[in-house]
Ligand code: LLP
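Quick setup: one chain, the form predicted on its own, written in structure tokens, and binding and motion questions come after.
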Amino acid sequence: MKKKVTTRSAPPARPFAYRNRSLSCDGASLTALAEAHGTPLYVYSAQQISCRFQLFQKAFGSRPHTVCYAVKANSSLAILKLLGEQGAGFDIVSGGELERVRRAHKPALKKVVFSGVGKQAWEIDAALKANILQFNVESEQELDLLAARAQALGIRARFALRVNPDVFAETHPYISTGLSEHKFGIAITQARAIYRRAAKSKWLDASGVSVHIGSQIRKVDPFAAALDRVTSLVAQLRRDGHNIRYIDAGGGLGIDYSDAPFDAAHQVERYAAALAKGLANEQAHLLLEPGRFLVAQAGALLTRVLVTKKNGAKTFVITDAAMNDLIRPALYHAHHEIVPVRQPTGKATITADIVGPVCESGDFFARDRAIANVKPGDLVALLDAGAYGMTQASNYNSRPRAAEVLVDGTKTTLIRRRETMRDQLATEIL
């Protein structure tokens, strides 16, 4: 397990720790949760999520800002409600996510920014009627559609162009978004002309400029470089007569998925300093879109070992969770620490592939990983699974999606029941 970070008043990097040789989430026993709700089971710490949110509030407290949590990271209604009640706004990428915000915490609709490259007319209409804060527009055709829908509804639309600063960020190519070769955004060199054209429509209000260069970025210098380019553009736009009030810095701040010490407070402070450097003397209201950083390390996927087997020299640990529950390892070759729920008494380990029962060779959580010598029936936890776990889950192999539990101290709440076959078949017609 990772050592607890004790510098300043930072919370531990993870809320999962052994108590009486059994893994707990804050004050809740994972063994007891598995007995009550079955496995696979997602378990989240409300305290950890709140602490991470407050790190952002503190680090950016000296300037006007809104933390707009990226809903795509984890869209559970209970987590959205938790953050909304603490003052968070939300970054959405679909009409479905807009409805989730409405259901979870309706007052937060006025602090919603709508991102994404393929917004449909019905989604734009719903967001206009909800009076969201801002549309982050990613193409000229989208801007034309936004103007048309705003005129049809008689509602003026606040928008920011998501500009592409062509800044390289060291991350997985699937989650890098800031280069000219990517599908996201508009070339920053074209932005002034597009803003000028938008000014001709009385239904469009150029309220800001947006940028987002990728996800799981550990170095902060790329954020500074991107905002430096955005700040220069904002100065030009103001000289052109546009009333730019918001700069959306996007999200993308990464975490450490390994078992190395990780000081979250220090990372947020470094991030805030980098953004301040890029902004220089710019005083626009800053919009921030953290997702993974708030929820990833607050969550774990709890699963039970079904069988262990050998094929030649290879050892396999087969669990009741699979790639349909957590696809990150298969999709990104992402690393998740895997620990037994019952703390081992010795140091003996085995080297094995930890896999699921789905009929794909790509259904794995780890390959050639040294782990405790677990047996059938044992519980193991895949850590740092609070982001892009349940939101990317599927019914592949007609498997039901997992249940979810939110832990707040010693209080545990089932926030999503386990899916049934009746749920899966409800939309099909025979």
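These numbers come from a predicted model, not from an experiment. Numbers follow the displayed sequence, beginning with 1.
Absent from the display: the form predicted in complex with the named molecule. The rest refers to it.
Enquirer: Counting only non-hydrogen atoms and a 4.5 angstroms cut-off, does residue 373 reach the named molecule in the model of the complex?
Expert: No, no contact at 4.5 Å.
Enquirer: Against the named molecule in the model of the complex, would residue 319 count as a contact residue? Criterion: heavy atoms within 4.5 Å.
Expert: No.
Enquirer: Is residue 158 one of the residues lying within 4.5 Å of the named molecule in the model of the complex, judged by heavy atom distances?
Expert: Result no; residue 158 lies far from the named molecule in the model of the complex.
Enquirer: Although the named molecule is absent from this view, report whether residue 388 comes within 4.5 Å of it in the model of the complex, heavy atoms only.
Expert: The answer is yes: residue 388 has a heavy atom within 4.5 Å of the named molecule.
Enquirer: When the named molecule is placed as it is in the model of the complex, which of 125-133, 97-105, 185-193, 207-215 ends up with heavy atoms within 4.5 Å of it?
Expert: Looking at the other structure, the answer is 207-215.
Enquirer: Mind checking whether each of 14, 222 and 266 has a heavy atom within 4.5 Å of the named molecule in the model of the complex?
Expert: No.
Enquirer: Could you spot which one of 242, 111, 304, 328 gets a heavy atom to within 4.5 Å of the named molecule in the model of the complex?
Expert: By the 4.5 Å heavy-atom cutoff, the listed residue in contact is 328.
Enquirer: Of 299, 290, 89, 356, which residue is found within 4.5 angstroms of the named molecule in the model of the complex when only non-hydrogen atoms are counted?
Expert: The option sitting close enough to the partner is 290.
Enquirer: Any residue of 247-263 with a heavy atom within 4.5 Å of the named molecule in the model of the complex counts; write them all down in order.
Expert: Those in contact are 251, 252, 253.
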